[in-house]
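The chain below stands alone and is given as structure tokens, in the form predicted on its own.
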């Protein structure tokens, strides 16, 4: 889509600002510049100007390359309309993230360099922190350029028949789910927060573990369905993040999961339902006795749905 290519090109604009500002300022910048402030007071941390600039430039380059690759992949022909919509949604998310990363890196560099140039003896960040926030908001601009996500009407999946199990038969289903995109987003968020904590806002050190923990929990998940019900275990951390006993399940079905309808990506809780959404597309949906619903995205949801329905029919 033409708009996605324009959005991918726009991701590079902050990196151009980073490169151009170096051309204009490098001969006037000292070898070390202020890169850390405790609140609105004087700087209390300094870093080599060249190294700090290179870090911001590399962050922008990585974001820009990821945006171009995502747009190129989206440009490939695909016949299945539902699969194309899901792929475009992933492309838009990559472009928006890339815009925020590139913008934040450029804003952080420009703010620190300009503060040093204004008063090398006593550089103050002050209003320049807004440049970082403005750069972070560049992802919103990319979202507007990319346009609204495409939508299609996905026909409802046929009901899943219960697996026919004999009185003494036992069966189990297990699969490992991975989400490289979600894992990459969370690790990128961790890196940005670490950079901010080290340079601008030390209070962010307290929040840095949050996206890292989320990456460990949702980056890889083992899903098991058997006579005990449905269990989700975080693969990296080995922590059970969800267990639904078989007696709580009324019916299991397969459905097409739209992340926006379930609250977004990751583990989401909304009124009346919750879900682990690692991708858009097919997913296992459980109707529970308390009226709530639970969903988890996976490539082949009909197999565990049939198994759980069969096990439920045996227990009454």
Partner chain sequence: MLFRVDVAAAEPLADQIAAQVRGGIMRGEVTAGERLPAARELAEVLDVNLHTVLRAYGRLRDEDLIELRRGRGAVVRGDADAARLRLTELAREFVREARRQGLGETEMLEIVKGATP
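Bear in mind that the values here come from a model prediction, so they are computed numbers and not experimental data. Numbering follows the first chain given and starts at 1.
The protein also exists as the form predicted together with its partner chain; that form is not presented, and the subsequent description refers to it.
Taking the partner from the other structure, its partner chain in the predicted bound form has no heavy atom within 4.5 Å of any heavy atom of residue 296. In the predicted bound form, its partner chain lies within 4.5 Å of some heavy atom of residue 169.
Mapping the unseen interface onto this chain, residue 173 counts among the residues with a heavy atom inside 4.5 Å of its partner chain in the predicted bound form. Using a 4.5 angstroms limit between non-hydrogen atoms, residue 88 is distant from its partner chain in the predicted bound form.
Heavy atoms within 4.5 Å of its partner chain in the predicted bound form are found in one stretch of 5 to 13, 21 to 29, 288 to 296, 301 to 309, which is 301 to 309. Think of it this way: in the predicted bound form, its partner chain has a heavy atom of just one of 72, 241, 165, 207 within 4.5 Å, and the residue is 165.
Contacts to its partner chain in the predicted bound form (heavy atom within 4.5 Å) from stretch 256 to 273: none.
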